[in-house]
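Shown next as structure tokens: one chain only, the form predicted on its own.
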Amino acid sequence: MFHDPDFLPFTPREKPSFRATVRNFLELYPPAAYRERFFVLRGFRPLVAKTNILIDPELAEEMLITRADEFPRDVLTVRLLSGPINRDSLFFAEGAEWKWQRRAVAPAFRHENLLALVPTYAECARAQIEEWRDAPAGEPVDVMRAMSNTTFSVIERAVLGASASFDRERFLANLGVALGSIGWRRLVALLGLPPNWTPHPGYFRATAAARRLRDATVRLLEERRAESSERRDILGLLLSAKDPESGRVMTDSELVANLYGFLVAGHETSAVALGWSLWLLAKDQASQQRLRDEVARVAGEEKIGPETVERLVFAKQVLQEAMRLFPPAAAVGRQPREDTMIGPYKLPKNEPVFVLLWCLHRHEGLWDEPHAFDPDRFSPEQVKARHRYAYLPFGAGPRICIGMGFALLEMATILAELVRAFRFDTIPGHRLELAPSFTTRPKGGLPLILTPLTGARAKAARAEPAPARSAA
């Protein structure tokens, strides 16, 4: 196991604060959240009186799977994200509306369709490699920003197909602005006010950026319809999506909402997980070299392809451990339709309850040395010995993330290509600060030093002894 104080880069608070609510809401959860099954986070005036927090795999299973129909999405999450994500999308749909949309889009995410995209993932990774090779040697690179560009390139090609008019840089710039006010939106939502209509710092810029993002999505849809194309990318599959039971097809509003959702969430969560994976490997050179050796053994010098990606066992373990320590989504929210019990705990009707993934994944009763980096936690033997729902980076149950298979194949392919091409090292003296908003991102990015590895240099990297592992 590799220990580093940056792996828990803040001190959990005993009492909530306004500042932490906006800056880093993960600080709000006290040390008890890393030890108990369930607790109530008491608010402070004028915030809501309390928030129910669940940090137990059995209770998570009960709420998200066994009794999923009794627990729709919570009102706080809806208020918080209904600006950055369209309300007509699969993400917000409930009941019969959700079921038919899920059935309609499911064929686009069949495993055989996703495996066919692996060459696209590899090509986007290699484009990023060439960009890095052209950069000035020795200068720090923000790998989090680079992974956003890489995963959005994947989305452009795998979801949209080619679109000459699409301005990726402008879209990403507007997305950064739209997501940048989420900390304030969270505070407004906790006050019981509608964030879409309540002015707050960044409100007008974020609202305008969100409008530009939706306009760009509408144009993409209009262009594809004008082409009369039958391409089998995800947009093409969405346009032809039909509920196999009712024959219903999506309205234009639903198509735009879901396309926009894939553009935003489809690249953001993968980018964040990849950025953290590279940073953690830079901290732990032994694991980085172990991954590099696996890629050489499985793929040699060939591009990662459908026949090799599923054999990258350690690559997947690295990604899983990165998403344990830094889950892209830090919590999953629900609320009961009626007064009820979950386990021995009372839950009033319509009162939000959150499965706090950040603390579940670091719970002292579930994980040995929970703040350490150890990809071997996800070896088949250790996975079998652990409760299935102790680890939920993609959620669980019927509403598990539909893009999970897409993301796992994409991330394993990209990580393997990058680690084969470069050695990643941390910058001495750099200290991590979290600033989670839509996802669990760091403040100021993740700067690393990249050293190209080709031929003799790659062999030398394999021969070079890894630095000693530090103690916590």
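All of these numbers come straight from a predicted model, not from anything done at the bench. All residue numbers refer to positions in the sequence shown, first residue = 1.
Keep in mind the form predicted in complex with ligand HEM is missing from the figure; the text below concerns it.
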Study note, to complete from the structure: Only one of 286-294, 208-216, 263-271, 366-374 has residues with a heavy atom within 4.5 Å of ligand HEM in the predicted complex, and that stretch is 263-271
Practice item. Mark R145 yes when one of its heavy atoms lies within 4.5 Å of a heavy atom of ligand HEM in the predicted complex, and no otherwise. Key: no
Practice item. Look up in the predicted complex whether L235 has a non-hydrogen atom within 4.5 angstroms of ligand HEM, and give yes or no. Key: no
Check your understanding: Even though ligand HEM is not shown here, does M411 get within 4.5 Å of it in the predicted complex, heavy atoms only?
Key -> yes
Point to revise | in the predicted complex, R73 touching ligand HEM (heavy atom, 4.5 Å) | key: yes
Study note, to complete from the structure: Of I55, A407, V419, M63, the only residue with a heavy atom within 4.5 Å of ligand HEM in the predicted complex is A407
Study note, to complete from the structure: Assert contact residue (ligand HEM, in the predicted complex, non-hydrogen atom within 4.5 Å, options Y389, F171, W98, F314) equals W98
Check your understanding: Does ligand HEM come within 4.5 Å of a heavy atom in each of P9, G183 and L432 in the predicted complex?
Key -> no
Point to revise | Neighbours of ligand HEM in the predicted complex among 83-116 [non-hydrogen atom within 4.5 angstroms] | key: L90, F91, W98, R102, F109
